[in-house]
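We begin with a single chain expressed as structure tokens, specifically the form predicted alone.
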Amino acid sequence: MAQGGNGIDFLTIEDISPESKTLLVRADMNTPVDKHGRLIERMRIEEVAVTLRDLGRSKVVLCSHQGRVGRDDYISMEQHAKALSETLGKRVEFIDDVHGPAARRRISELNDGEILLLDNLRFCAEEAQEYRPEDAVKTQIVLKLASSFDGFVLDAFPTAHRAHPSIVGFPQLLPTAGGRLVAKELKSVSRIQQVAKGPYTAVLGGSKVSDRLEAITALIENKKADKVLLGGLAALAFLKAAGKYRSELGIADQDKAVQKAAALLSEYPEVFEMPVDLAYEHEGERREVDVADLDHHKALDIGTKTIQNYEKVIRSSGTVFMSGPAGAFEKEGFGKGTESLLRIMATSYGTTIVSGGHLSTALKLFNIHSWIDHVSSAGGALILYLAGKQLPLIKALSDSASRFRSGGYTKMSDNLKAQS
């Protein structure tokens, strides 16, 4: 039994005695891809490898999601299996099935020490929805797979804020342990929270505007953001709400996002810092203009004046948290905003936290990874956890620990019968 931040009790891998058992491991190997659908980096794959090495004498079935429907990163997990095989130095078998007969048959044939990776969980529509735990156990993913396993390992900290069936369903039926990444994150964040002090500044960018809006609200309401510096598509949503950006954002529910941004600007006018200049592409080159002069060009990064304004706030902060890149850093010529802000954070005197897969990639690309106090592959999950929100994954672990202590798990057949 282990204890994470905020006094959270959860089972460890050792508590469920993994040797020779068939275990389901829910990881988050959701990885950025290039325009050809190829994996750009392996940070999350390397993270789950730590847990898998400690399950070397178990029959392991690994599952994860990748991307979202309609996006370029919505791809199969086959590349992940190859990358994980190289990382572990042993074969990781891939099957292009999630809970069908082929997957269940192969699971039943596993030997100790073997690892099977299921295909993208989000190929199943259920995994794109959120459920109450008592409803999640009635989904096909859980009903079809749960009886194949002796235990469950939750190691998907970047997805901790999602109440998907694979996060909250299986812990209702199986003894559930926190993986090594979850344990590491909870321990590290607890340590950071003990030394963090104000003023608190959040630097929020990236392309997940709805997630950022949720995070901003939580951070402000829980007094974890005295200032919010905006970049990425989140900045453009706020600029559009202020009537300063005329181009389309190219996101679903644009009107809803802009309305929410406008409401936040109205309620907390002193909190937000928005870009005063932006960069766009002109004949293959980077060009910067003041926001008022952008016309209908598509903004790809924040500009130099904005970086200078944000630097003043960052250097006067006691704690700085950054999630999401300031612009399209992977595009040549448009990494200036992201790199500059990360370097400013790295050389500031405040406590610094960087989260999200894209920024973790950027830190390594710019070779400043070791200068940040805490780097996490989690994005929205870490923001909400720092803001004091209860995350579905953390609650599932805590509930499982209580159930395990009280002998609340019965034979799998009895558990499944109770759900029917």
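Predicted model only: the values in this text are computed from it and were never measured. Numbering starts at 1 and runs along the sequence shown.
Although it is not shown, the form predicted in complex with ligand 3PG is what the next lines describe.
Can His161 be called a contact residue for ligand 3PG in the predicted complex at 4.5 Å between heavy atoms? Output for His161 is yes: heavy atoms within 4.5 Å of ligand 3PG.
Does at least one non-hydrogen atom of Ser58 fall within 4.5 angstroms of ligand 3PG in the predicted complex? Result no; Ser58 lies far from ligand 3PG in the predicted complex.
Can you tell me if Lys305 lies within 4.5 angstroms of ligand 3PG in the predicted complex, counting non-hydrogen atoms only? Close contact is absent here: in the predicted complex, Lys305 is far from ligand 3PG, nothing within 4.5 Å, heavy atoms only.
Contact between Lys224 and ligand 3PG in the predicted complex at 4.5 Å, heavy atoms? Contact check for Lys224: no, nothing within 4.5 Å of ligand 3PG in the predicted complex.
Answer yes or no: in the predicted complex, does ligand 3PG come within 4.5 Å of a heavy atom in every one of Arg44, Arg68 and Arg122? Per the other structure, all of Arg44, Arg68 and Arg122 touch ligand 3PG.
Option from 387-395, 47-55, 22-30, 366-374 whose residues, in the predicted complex, bring a heavy atom within 4.5 Å of ligand 3PG: It is the stretch 22-30.
For the stretch 203-219, return the residues whose heavy atoms include at least one within 4.5 Å of ligand 3PG in the predicted complex, in the order they occur. Residues within 4.5 Å: Lys208, Asp211.
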